[in-house]
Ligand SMILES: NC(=O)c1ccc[n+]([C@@H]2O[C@H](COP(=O)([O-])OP(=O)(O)OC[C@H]3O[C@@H](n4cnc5c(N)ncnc54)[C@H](OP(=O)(O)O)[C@@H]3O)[C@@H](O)[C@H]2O)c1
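What follows is a single chain, given as structure tokens, in the form predicted alone.
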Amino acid sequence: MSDKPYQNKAVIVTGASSGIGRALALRLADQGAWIALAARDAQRLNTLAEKCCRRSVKAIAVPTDVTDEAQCKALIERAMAEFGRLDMLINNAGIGATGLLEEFPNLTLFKRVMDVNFYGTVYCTYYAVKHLKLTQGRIVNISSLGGKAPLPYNTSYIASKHAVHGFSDSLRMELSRVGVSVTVICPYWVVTEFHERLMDKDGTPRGPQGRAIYSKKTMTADQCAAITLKAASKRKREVLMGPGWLAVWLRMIAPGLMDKITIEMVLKPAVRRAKKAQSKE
């Protein structure tokens, strides 16, 4: 296999303005890919596109709100107009909101999370499929370990990621006959802006203190991007990061025990780190 499997391949990355999406874009640029960068933050996208172009590759910024079906369609059309082909779609855009379900003032925020994480993936994929069939391309859906091993206080996020898994698994069977692969990536915690932007039940982002849940051992966005692109190049079905395989196995044989482990060994330590950081402010 070539050490640059994405050279001269046209790739769309959603959620590209920061975190895993940005890291994916930079790694793809290093491999000589042609990249369409999508997110809502136009300024960040333009800066990233310029950085990619300085690496002697084609890169365009396409400001896109993936909750808007028309904008997703326009994103695919813009990439096709620019590159003339589409080899890979990476659905990476995502948000989260935490809190007890019963304490949310209404379901507007719950629906917003579903719209970004699930329907954003569906919209982009729907309009990209016909082009990917022509190149026997790849679909890469950035999910979460939460799509396999749920957390409490995250009902909307977990529901959206479970939906992404079901959608991906069914779609994979539909497209296998035409040579289009579907890879689902399930990161554990990754050092990004995600937890800064993670909202409470009222829609207020956590802000800088959100990073307090990360430890020195937490995976970086670049490490996650490297694993993702390697898996996509090999057309893997699914990648579980962190304690993924153990979590899936325990959930199958002892779901009650897995629930307790999740609360005691994952959730509570993260809450303690966050409270400790807050007390220092």
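Source: prediction; values computed, not measured. We number the residues from 1 along the sequence you see.
One more form of this protein should be noted, the form predicted together with the ligand, which is absent from this view; the next part is about it.
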Q. Using 4.5 Å between non-hydrogen atoms, is Asp65 touching the ligand in the predicted complex?
A. yes
Q.
When the contact criterion is heavy atoms within 4.5 Å, does Ser18 count as touching the ligand in the predicted complex?
A. yes
Q: Decide whether Phe167 counts as a contact residue for the ligand in the predicted complex under a heavy atom distance cut-off of 4.5 Å.
A: no
Q: Would you please decide whether Arg27 lies within 4.5 angstroms of the ligand in the predicted complex, comparing each non-hydrogen atom pair?
A: no
**Q.** Residue stretch of 172-180, 98-106, 187-195, 201-209 approaching the ligand in the predicted complex, non-hydrogen atom distance within 4.5 Å
**A.** 187-195
Q. Since exactly one of Ala149, Val116, Ile139, Ala128 fits, which has a heavy atom within 4.5 Å of the ligand in the predicted complex?
A. Val116
Q.
Heavy atom within 4.5 Å of the ligand in the predicted complex: which residues of 37-65 meet that condition, in order?
A. Ala39, Arg40, Asp41, Thr64, Asp65
